[in-house]
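One chain comes next, on its own, written as structure tokens: the form predicted alone.
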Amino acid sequence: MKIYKLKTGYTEFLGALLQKGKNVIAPRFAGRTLLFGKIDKAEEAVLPEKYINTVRSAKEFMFPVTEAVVEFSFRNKDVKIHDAHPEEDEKLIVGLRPCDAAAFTITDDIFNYEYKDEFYLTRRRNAALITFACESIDEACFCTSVGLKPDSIQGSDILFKKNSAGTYIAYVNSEKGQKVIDSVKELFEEVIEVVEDIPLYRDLENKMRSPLDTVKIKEWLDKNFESPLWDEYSSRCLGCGSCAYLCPTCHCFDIVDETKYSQGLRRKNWDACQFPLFTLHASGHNPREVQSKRYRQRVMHKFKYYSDRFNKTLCTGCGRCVRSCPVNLDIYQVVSELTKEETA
């Protein structure tokens, strides 16, 4: 792994990338909401030390909220169908936190499973992930419970960390990352000596809530599909779906046809397992007709089903679901309490 010292600040780094004609996505304010978005000027981006994390993750730049997958038109019985194709332009997604970069290493598995989702995979190939280690956390963060740290490099093409002098040090983790460094190499100086590990990142790690025992959680889930505790834990859930929409690893979608006169689009739209209609069959039968079953599905998918299939937890501990829940339903707290219950 090559290591470089950034000789300028964050804003100058972004400005140099923009001057080179790069398509830069970075955290910026949309009204009062901090979101990832395309920037045209470096000053539009919010400095990494000014935020804990964005409201939504950057997953929408690989897996958009809505996108057309097929275009069609018809006249009587003559139907014409044209495949839609994802954009091919390269993107630099800058200012990610380690939890969000790591999320892509998890969703890569499902979008590259039995069905290869070329919409996701094309965008993934063309995007470089440039991460900045956390400089602050809040009570919702729990990345250390799922094998990450405030300065983890998983999923990042480049990870920036500060040294004790406040200078950014870039850890290059892929060829895509090296390509980015080379494109603005006048800003960087290669570091040969060992880089000090400043206490900030370990201090943040130690301030996190106690790590979850994900093995014990899965053992409980394996044996308690029908536990009455699901009624208790889900009793507050409103089924609003904000947890799924903000989650960097949730990936469920629905397919709908939108028709206007004799033409239309087949769209892929984000969906959420907390919605009552998510599993409603055409027959009228709904296998998850009550909220307790839908909440159970969310927890099972995160901590059991995904692990069964890919040996990974479908969670990076970013804490968005905790911050956004209108009734303060905390998945960390729920699964922590589950492990205290006796296995049935």
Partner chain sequence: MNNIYKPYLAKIDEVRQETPDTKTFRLSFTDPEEAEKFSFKAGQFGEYSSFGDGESTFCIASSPTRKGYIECSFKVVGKVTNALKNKDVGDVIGFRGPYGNSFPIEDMRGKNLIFVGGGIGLAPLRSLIWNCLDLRQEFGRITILYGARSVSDLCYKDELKEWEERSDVDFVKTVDPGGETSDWDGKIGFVPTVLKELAPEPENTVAITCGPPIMIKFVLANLSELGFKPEQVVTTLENRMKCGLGKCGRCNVGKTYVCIDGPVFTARELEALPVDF
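What you see is a predicted model, and the numbers here were worked out from it, not measured in a lab. Numbering follows the first chain given and starts at 1.
Not on display, but discussed next: the form predicted together with the partner chain.
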Original post:
What is the one choice in 69, 47, 52, 290 with a heavy atom within 4.5 Å of the partner chain in the predicted complex?
Top reply: 69
Original post:
Considering the partner chain in the predicted complex, which of 151, 157, 135, 117 comes within 4.5 Å of it through any heavy atom?
Top reply: 117
Original post:
Looking in the predicted complex, any heavy atom of residue 86 within 4.5 Å of the partner chain?
Top reply: yes
Original post:
Does residue 175 reach the partner chain in the predicted complex, with heavy atoms at most 4.5 Å apart?
Top reply: no
Original post:
Going by a heavy atom distance of 4.5 Å, is residue 277 a contact of the partner chain in the predicted complex?
Top reply: yes
**OP:** Examine residue 90 and determine whether its closest non-hydrogen atom to the partner chain in the predicted complex is within 4.5 angstroms.
**Re:** no
Subject >> Candidate stretches 301-309, 32-40, 315-323, 53-61 - the one whose heavy atoms come within 4.5 Å of the partner chain in the predicted complex >> reply: 301-309
**OP:** Output the sequence-ordered list of residues from 240-257 with at least one heavy atom within 4.5 Å of the partner chain in the predicted complex.
**Re:** 251, 252, 253, 254, 255, 257
